[in-house]
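One chain follows as structure tokens, the form predicted alone.
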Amino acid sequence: MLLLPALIPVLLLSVYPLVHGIVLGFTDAQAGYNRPVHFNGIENYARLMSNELFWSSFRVGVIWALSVTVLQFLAALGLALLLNQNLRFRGAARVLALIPWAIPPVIIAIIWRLMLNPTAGPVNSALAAVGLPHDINWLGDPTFALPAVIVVGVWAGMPQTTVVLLAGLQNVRSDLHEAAALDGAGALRRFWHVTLPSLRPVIFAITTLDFIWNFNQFALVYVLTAGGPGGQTMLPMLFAYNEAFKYGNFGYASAMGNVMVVLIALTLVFYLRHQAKERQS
């Protein structure tokens, strides 16, 4: 009974929408007032498996999630190592590093749209100033759209990864570094043989969660490109959104969501099993 005040909002706002979405995935539900809804079994899933546009969006989503996750980790690790040093104004630098985390994704996307503007954006202006090609339509050219969106995703998501890695670095035992230094190990060898092994549980946890967050990304990419040009940045979430709210195919869109829920659940199972093995060892 004491848990009910916390349990009821979870049931209403999390469990019920999830169950309702799963049920809708097995129906022909469409937008419209008082439209009849019929159970159609796995028809939506059979249609989904033969939809090349969905598989294309899934491929783009995997490329996006993997690229952003890996680049986020590398950039955040470098920044965390820097912020872990005993430098002047370290506190101010840590605050500045967290600024992207404090900005809503929609605002981040609007800022970067202005920066990547092909005619008046500062990015092309900077390229022109150093004599490089500067007539690039970063978000409108199929060649550059996905790389540009990946860069924005890395910038937007790097702070939380930095914070987690920085916390992990501060828990690395200093006596291990001192012992390695006495044995003649340089900074690079100490990083490779002491720092990275100590950070392994943290690295696995944050990269797994980053992959899930990035695969589920919607607002940032929607405001930047809305999936264009030509579907080059059409993530699975954007594809499902268009099917539901642009074309009114609620049942079909729910089936897409169910497929993504299964994939994310499998990733979580892999993560939890790894965590359990770490605790046992």
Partner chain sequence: MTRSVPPSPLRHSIRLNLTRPMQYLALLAYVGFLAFPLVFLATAALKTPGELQSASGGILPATLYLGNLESALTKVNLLGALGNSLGVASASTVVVIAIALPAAYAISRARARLKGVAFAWILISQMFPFILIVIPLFLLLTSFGLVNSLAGLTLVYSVWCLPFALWMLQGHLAHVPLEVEEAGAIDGAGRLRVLSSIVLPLLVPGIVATSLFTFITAYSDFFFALVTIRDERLQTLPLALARFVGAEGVVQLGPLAAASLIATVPSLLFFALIQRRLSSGLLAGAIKG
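Numbering follows the first chain given and starts at 1. Note that the coordinates shown come from a computational prediction; the quantities given were computed from them, not determined experimentally.
There is another form of the same protein, the form predicted together with its partner chain; it is not shown, and what comes next is about it.
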### Task
Kindly confirm or deny that I63, L127 and K246 each have some heavy atom within 4.5 angstroms of its partner chain in the predicted bound form.
no
### Query
According to a 4.5 angstroms non-hydrogen atom cut-off, is A219 in contact with its partner chain in the predicted bound form?
yes
### Message
Since only the chain is shown here, I'm wondering whether S254 would be in contact with its partner chain in the predicted bound form (any heavy atom pair within 4.5 Å).
### Response
yes
### Task
Using a 4.5 Å heavy atom cut-off, state whether Y241 contacts its partner chain in the predicted bound form.
yes
### Distance check, T143 to its partner chain in the predicted bound form, heavy atom within 4.5 Å
no
## Note on the structure
Contacts from 258 to 278 to its partner chain in the predicted bound form (any heavy atom within 4.5 Å), listed N to C, are N258, M260, V261, I264, A265, L268
#### Entry: Cα distance between L13 and P104, which in the predicted bound form differs by 3 Å or more from this form, closer or farther
farther
